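The data below hold one chain only, encoded as structure tokens and taken in the form predicted on its own.
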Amino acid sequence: MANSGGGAVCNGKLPNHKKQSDSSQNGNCTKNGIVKEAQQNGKPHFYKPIVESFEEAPLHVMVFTYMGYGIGTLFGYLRDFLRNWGIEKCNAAVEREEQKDFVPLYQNFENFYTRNLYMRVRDNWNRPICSAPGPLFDMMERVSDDYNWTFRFTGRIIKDVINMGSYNFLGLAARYDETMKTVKDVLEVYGVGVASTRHEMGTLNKHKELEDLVAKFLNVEAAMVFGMGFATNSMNIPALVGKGCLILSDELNHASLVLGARLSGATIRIFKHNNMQSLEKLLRDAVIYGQPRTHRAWKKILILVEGVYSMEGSIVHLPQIVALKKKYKAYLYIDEAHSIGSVGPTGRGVVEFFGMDPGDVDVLMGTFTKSFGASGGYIAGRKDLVDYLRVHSHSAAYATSMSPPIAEQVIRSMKFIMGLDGTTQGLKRVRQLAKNTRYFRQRLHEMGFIIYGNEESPVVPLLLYLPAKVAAFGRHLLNRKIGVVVVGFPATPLAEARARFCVSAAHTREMLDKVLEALDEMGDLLQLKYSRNRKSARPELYDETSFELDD
């Protein structure tokens, strides 16, 4: 891996994080709306203020939420009792009578939540789409005759549903038009599949072209691309760290980061979300005490974070994390799956968003599945890092290479954003996305909803809390031809179910106003306007100075 190097910033001291405005912890001095970071290597750096919101729900809402889950659990046990006695038909997977003496393949209690709670609201997920995921899409209508255990299609198509759920941030996932002719040409020349790994016969000139373009886009020495975004994390982290190494992972990291960390065999410790005191305590203890039992120094200390957190809508506090990683000689791995292309003045992610040097981040990871309207991912950074991964990456050794038409789609999208197509339309879309994001968030806040995250994050979680309201919210909006993603446990904490909106540059003001009008009515109907415009209690996330951590 690249050498993290460097010492502490801010004249040898980390910024003070105790005081914070707008529910954010930026730890810098603000003057005339500009945040100034202390000098690094004699050069001043200027960072944007971090404005985030994590407002807590009123007490009665939390009480009713837990009551809702409690009542649902009680009825679940009652229905399981009726199923066991044959009074109610059991539609769940069960062991065959011939295998009654085998070790159970299906654990009855472990499926309790799925069987009795999730199944009641299952119609809100896995809805079949039958068009491109643009600002409007078409959906196949389906109904259930057995309370969501099975579905049947009616043959009707629900036309022109406003898409508020896809990660199509720049609107580049669209129907075919003449701008996609290069993708069609590549398909005719190369075909669809590669039928080999990067180590064997699967490295094409299109892959090399894309990797050079990614490195240029990110302003780094080199990059390597992979066919699957999830595997970019889960298959490459084990190549970077292993036994005797320490991973410090944000508590809200994506499952791909979590899986990669577990597969690596390294010791994993969790720090509170975007909490610099929590992270510094772990770093300090790691340096002082070393490995358990032997107290030898860790071979490597790797900090894992995301650029934009997809369930919270928050943005990583990159300047402070970089300061800590330099102070304690750690490495930094940042997952920009949701931030690359969607934040920053020209769409180059959180590094550009904070006006920082890409060299401050040891491993830059991102995916092409969101802003670029394609699939796959990349790892970028110093050339020696990328050359190491070309040899040791599990994905390069065992996974099929990226499809050539997909590579060309990423190339044309990236050139579009960079302006290499001879137009400024890409930059206009990045700016339009920022404009739509601020407008949508501001209107929701004014209506009285509790929304999470950074004011410039295109991922907008709207808190619903009660499980019954999750189902009602998704169903009512679909009836109004608005497609949203509703999320609950276990993807979120038990009492923090939410709807997650994804704003796109392709959304017109009329579309957003229609959605906002429906949300305003829905907020009154379901009594979802919980906001009291007071600061968050969850950022103990940010302001907490004393806590206990489990190893």
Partner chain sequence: MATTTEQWVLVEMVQALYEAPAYHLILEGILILWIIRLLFSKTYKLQERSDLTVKEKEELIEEWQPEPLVPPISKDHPALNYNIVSGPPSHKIVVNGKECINFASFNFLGLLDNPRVKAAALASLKKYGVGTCGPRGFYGTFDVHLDLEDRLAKFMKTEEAIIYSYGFATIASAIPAYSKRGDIVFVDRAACFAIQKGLQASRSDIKLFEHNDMADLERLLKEQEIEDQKNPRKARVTRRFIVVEGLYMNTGTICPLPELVKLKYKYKARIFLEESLSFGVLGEHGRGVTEHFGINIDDIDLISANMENSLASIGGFCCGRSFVIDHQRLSGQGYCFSASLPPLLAAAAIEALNIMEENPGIFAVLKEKCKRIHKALQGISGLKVVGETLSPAFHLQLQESTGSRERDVKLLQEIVNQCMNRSIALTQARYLEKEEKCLPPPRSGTGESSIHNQGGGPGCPAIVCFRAWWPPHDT
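All of these numbers come straight from a predicted model, not from anything done at the bench. Residue numbers count along the first chain shown, from 1.
The form predicted in complex with its partner chain exists for this protein as well; it is not shown, and the discussion that follows is about that form.
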- Item | Distance check, residue 99 to its partner chain in the predicted bound form, heavy atom within 4.5 Å | yes
- Task: Indicate whether its partner chain has at least one heavy atom within 4.5 Å of a heavy atom of residue 430 in the predicted bound form.
- Result: no
- Query: Closest heavy atom of residue 194 to its partner chain in the predicted bound form, within 4.5 Å or not?
  - Reply: yes
- Query: Should residue 467 be classed as touching its partner chain in the predicted bound form when contacts are defined as heavy atoms within 4.5 Å?
  - Reply: no
- Three residues, 210, 321 and 440; all within 4.5 Å of its partner chain in the predicted bound form via heavy atoms? no
- Message: If the cut-off is 4.5 angstroms on heavy atoms, which of these, 87, 74, 93, 143, is the one near its partner chain in the predicted bound form?
- Response: 93
- Which listed residue (522, 61, 512, 485) meets the criterion of a heavy atom within 4.5 Å of its partner chain in the predicted bound form? 485
- Task: Could you tell me which stretch in 158-166, 446-454, 340-348, 75-83 has residues with non-hydrogen atoms within 4.5 Å of its partner chain in the predicted bound form?
- Result: 158-166
- Query: Using a 4.5 Å cut-off on heavy atoms, which residues of 163-184 contact its partner chain in the predicted bound form?
  - Reply: 165, 166, 167, 168, 173, 174, 175, 176, 180, 183, 184
